[in-house]
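One chain follows as structure tokens, the form predicted on its own.
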């Protein structure tokens, strides 16, 4: 009979996810993971597998959490320009926390591992496609509602906004302020409005 877990698996995964978000995959050691997660090495391996498997589970959890929280309004069937603006506002808040520990686990994973780890690249691409499609649909809805000019190509603009999203992640990591990012998002979105 297997012994019951003596730790909260979801809480331990959240701690690993946060450590990976702050330090990246390569910058995080197994000892740091054990300490942050509050579990022993054998429990870590038995429950989560090796470091790469733990990282992939962290990416999946991070993506699901983002969709359930910040991106939830954007994925609503009637999402339009207000939801798109709200989403970018949430992203700016997330990337510029008061403690200075901002950053995006997915963006970091793409930069650090994307080309060399097919599983990581696949996870990131899946998330990008899903998010870009939600942005495209919100733009299209805003266009139908007369909030965005009719001549705007929503497909192309969704890619521009994805670029903005990932660019803000790097800018925030390099010291861009919350006010600067808010202003840049507002100006970009205002360029498309009617």
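Numbering follows the first chain given and starts at 1. Remember, predicted model here, so these are calculated numbers, not experimental data.
This protein has a second form, the form predicted in complex with a further copy of the same chain, left out of what is shown; the following refers to that one.
a further copy of the same chain is not shown here, but in the model of the complex it comes within 4.5 Å of a heavy atom of residue 112.
For the chain shown alone, residue 152 is a contact residue for a further copy of the same chain in the model of the complex, at least one non-hydrogen atom being within 4.5 angstroms. At a distance threshold of 4.5 angstroms between non-hydrogen atoms, residue 136 is out of contact with a further copy of the same chain in the model of the complex. In the model of the complex, at least one heavy atom of residue 170 sits within 4.5 Å of a further copy of the same chain. Every member of the trio 108, 124 and 174 reaches a further copy of the same chain in the model of the complex with some non-hydrogen atom inside 4.5 Å.
Stretch-level contact analysis of 138 to 146, 36 to 44, 54 to 62, 160 to 168 against a further copy of the same chain in the model of the complex, using heavy atoms and a 4.5 Å limit, identifies 160 to 168. Taking a further copy of the same chain as positioned in the model of the complex, the residues of 172 to 192 that bring a heavy atom within 4.5 Å of it are, in sequence order, 173, 174, 175, 180, 183, 184, 187, 188, 191, 192.
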